[in-house]
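Below you will find one chain, with nothing else, as structure tokens; this is the form predicted alone, and questions on how it binds or moves follow later.
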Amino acid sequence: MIRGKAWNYGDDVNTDFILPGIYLELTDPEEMGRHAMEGIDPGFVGKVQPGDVVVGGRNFGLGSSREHAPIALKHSGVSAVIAEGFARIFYRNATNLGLPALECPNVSKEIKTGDTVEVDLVEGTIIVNGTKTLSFVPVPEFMMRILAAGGLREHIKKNKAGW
């Protein structure tokens, strides 16, 4: 279960909004996290708390295929990104890095910045402010194992001994 505050940024949040290109030379994930969402909300890292979720509309993560964007979000404290739709490369990068990327119809209209959300990845539900329930396709078991391990690389390392 993921519990936290929602940060809604609407449609077409690109990778330069998530982590501006001036930070592409960074290699330390914690340092990347200190600049998350700087291109759209310069004060984000001072407000976000562990467990919080980023909400988007259509085309979340469009732009470059760099992994920096989901790394920055994950290391800023964001526990999941919920959007109406993702750029496919962002979606795959997020999963590979252990950051849940969840598609939920109309989520950007139903969840506002500041709302409290509880996200159940297995059941496919989001409870908003303790009253409203939204549904998304539950995360499949194989993807839950990847997320639980912290990403694809860690999942492979963990399971390599059993091969």
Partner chain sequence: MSTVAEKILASHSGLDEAQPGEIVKAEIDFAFMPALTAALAFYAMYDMTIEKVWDRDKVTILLDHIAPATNITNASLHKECREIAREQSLRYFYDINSGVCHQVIPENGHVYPGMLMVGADSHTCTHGAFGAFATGIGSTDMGAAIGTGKLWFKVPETIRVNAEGRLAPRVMSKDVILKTAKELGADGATYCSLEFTGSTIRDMSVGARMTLCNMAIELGAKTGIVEPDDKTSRFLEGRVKHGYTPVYSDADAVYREKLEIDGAALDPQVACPHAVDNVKPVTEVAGKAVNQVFIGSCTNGRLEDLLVAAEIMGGKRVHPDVRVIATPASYEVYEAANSRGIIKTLMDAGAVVCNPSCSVCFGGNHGILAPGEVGLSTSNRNFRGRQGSTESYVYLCSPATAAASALTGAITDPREV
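Keep in mind it's a predicted model, so treat the numbers as computed, not measured. Numbering follows the first chain given and starts at 1. We call the rigid core whatever largest set of C-alpha positions still superposes within 1.5 Å between the two forms.
Not pictured, yet referred to below: the form predicted together with the partner chain.
Would you say all of M1, F44 and L99 touch the partner chain in the predicted bound form, counting a heavy atom within 4.5 Å as a touch?
Heavy-atom distance to the partner chain in the predicted bound form: none of the three under 4.5 Å.
With the partner chain left out here, work out from 104-112, 122-130, 44-52, 60-68 which stretch has heavy atoms within 4.5 Å of it in the predicted bound form.
One stretch meets the cut-off, namely 60-68.
In the predicted bound form, is there a heavy atom of the partner chain that lies within 4.5 Å of any heavy atom of L152, even though the partner is absent here?
Judged by the heavy-atom cut-off of 4.5 Å, L152 is in contact with the partner chain in the predicted bound form.
Quick check on H75: any heavy atom within 4.5 Å of the partner chain in the predicted bound form?
No, H75 stays farther than 4.5 Å from the partner chain in the predicted bound form.
Heavy atom of G10 within 4.5 Å of the partner chain in the predicted bound form
Residue-level check for G10: no, no contact with the partner chain.
Classify I146 as contacting or not contacting the partner chain in the predicted bound form by the rule of any non-hydrogen atom within 4.5 angstroms, answering yes or no.
So I146 counts as contacting the partner chain.
Partner contacts for 115-137, taking the partner chain in the predicted bound form and a 4.5 Å heavy atom cut-off
Residues within 4.5 Å: none in this stretch.
Classify E25 as shifted (yes) or not shifted (no) between this form and the one not shown, where shifted means its C-alpha moves by 2 Å or more with the rigid core superposed.
No, because once the rigid core is superposed, the C-alpha of E25 moves less than 2 Å between this form and the one not shown.
Determine whether the C-alpha of P42 shifts by 2 Å or more between this form and the one not shown once the rigid core is superposed.
It does not, since the P42 C-alpha is displaced less than 2 Å between this form and the one not shown after the core fit.
Under a superposition restricted to the rigid core, does G150 display a Cα displacement of 2 angstroms or more between this form and the one not shown?
Yes, the C-alpha moves 2 Å or more.
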